[in-house]
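Just one chain is shown here, as structure tokens, and it is the form predicted on its own.
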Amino acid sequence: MPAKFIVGTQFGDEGKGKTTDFFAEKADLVVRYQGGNNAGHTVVVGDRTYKFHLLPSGLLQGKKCCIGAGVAIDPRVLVDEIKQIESEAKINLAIDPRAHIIMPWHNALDAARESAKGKKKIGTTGRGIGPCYEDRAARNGIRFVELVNGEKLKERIAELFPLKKKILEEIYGAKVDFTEEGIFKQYSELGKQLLPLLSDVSIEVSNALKAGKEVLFEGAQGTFLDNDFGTYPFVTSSHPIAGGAFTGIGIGLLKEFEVIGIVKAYTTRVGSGIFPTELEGKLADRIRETGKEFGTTTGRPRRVGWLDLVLLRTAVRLNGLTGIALTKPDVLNGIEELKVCTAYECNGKEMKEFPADWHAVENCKPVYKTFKGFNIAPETKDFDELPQEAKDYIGFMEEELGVPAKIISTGPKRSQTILR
């Protein structure tokens, strides 16, 4: 397939980095289409662990990579990431001129708003992503094309800084510890460093697809953090679902494509919001510690729960999944009894797809099917070599979702992957 989409099917943190890196080996172009440095994609190569926030995961395979118009870019983070990786991998990167830039006032507004909400806070990463997308929609944003043009950048900062300062001080009572001059000095220098990466990603990707090249689209976050179809308002500010790639890059509908949904063998969530299969206590702690379920970006411990097929059925529909990459089943090794949520019981009725209004499931109970535990060896290379209990677990998921599991991860390393 000339186009392959990598999407998260749950609440993010499903293992998209490893899967993107795996598929990038045969890709000609790897493209990030939404989100910002609130994402954290981890790739393990040999004994080295790489953590990306803005750079597409395909860089480690030496591929041409693109950051599309739908991405919110913090140039401070991007320049640091490039410096960390450029000694080990060739940086062949293009950034779309339309991508919006995270400014210091976005970080300050993010923190001030979360603080003002108190117990009702959303649980954002505090990276300024939401305020950046908000300015984009309100036509108050600064785009990459302006970041790399000193004169335009100075004009835009002069226009926006007084307004943002007033909002922070007079509405939120926040202390503003940055100045108009300081921001311009810092960001104009960043713009000079990033100028060589300026390129129309929409044209690059369209031309690659027309030429029959393999293009890999890398999403961030997960389906149920989508701004429209997630558990609003406990969502991100962009569109992680596969459809977000078309507007996030600027391409038309495709005749041929493949959508790989990344499914963690259990469920995790960071921050606030509904979580029907959430676990607590020793078992949750065990899964969290074994799976290293701590935010790549924030370090916050992730909430942990059983695999939820209600969420996944909806993710199949929203993304048009053609295949599944199952990650971290090995984390469940040694647990004697595993549960999978097949439906929600709501007032005597079963609900098998996640509703548009998540409040409808607040008082519902998960309906579980129980499976025997398993032990997956990290060196397993063939599906038939998996324990029967693991094959039963995976087979049930495939049957319920109507989508084949094309990849099964047996560990964090690139080599610890079964391809079917």
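Residue positions are given as counts along the sequence shown, with the first one as 1. Bear in mind the structure is a predicted one, so any value in this text is a computation, not a measurement.
The same protein also has a form predicted together with guanosine-5'-diphosphate, omitted here; what follows describes it.
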Can you tell me whether Asp13 touches guanosine-5'-diphosphate? I mean in the predicted complex, with a 4.5 angstroms heavy atom cut-off.
yes
In the predicted complex, does Lys164 come within 4.5 Å of guanosine-5'-diphosphate, counting heavy atoms only?
no
Test of understanding: in the predicted complex, would Thr296 fall inside 4.5 Å of guanosine-5'-diphosphate by heavy atoms?
yes
His239 within 4.5 Å of guanosine-5'-diphosphate in the predicted complex, heavy atoms
no
Taking guanosine-5'-diphosphate in the predicted complex as the reference, which of Arg313, Arg156, Arg302, His100 has a non-hydrogen atom within 4.5 Å?
Arg302
Could you spot which one of Asp330, Glu204, Glu81, Glu146 gets a heavy atom to within 4.5 Å of guanosine-5'-diphosphate in the predicted complex?
Asp330
Given the stretches 59-67, 363-371, 348-356, 34-42, which is the single one in contact with guanosine-5'-diphosphate in the predicted complex, using a heavy atom cutoff of 4.5 Å?
34-42
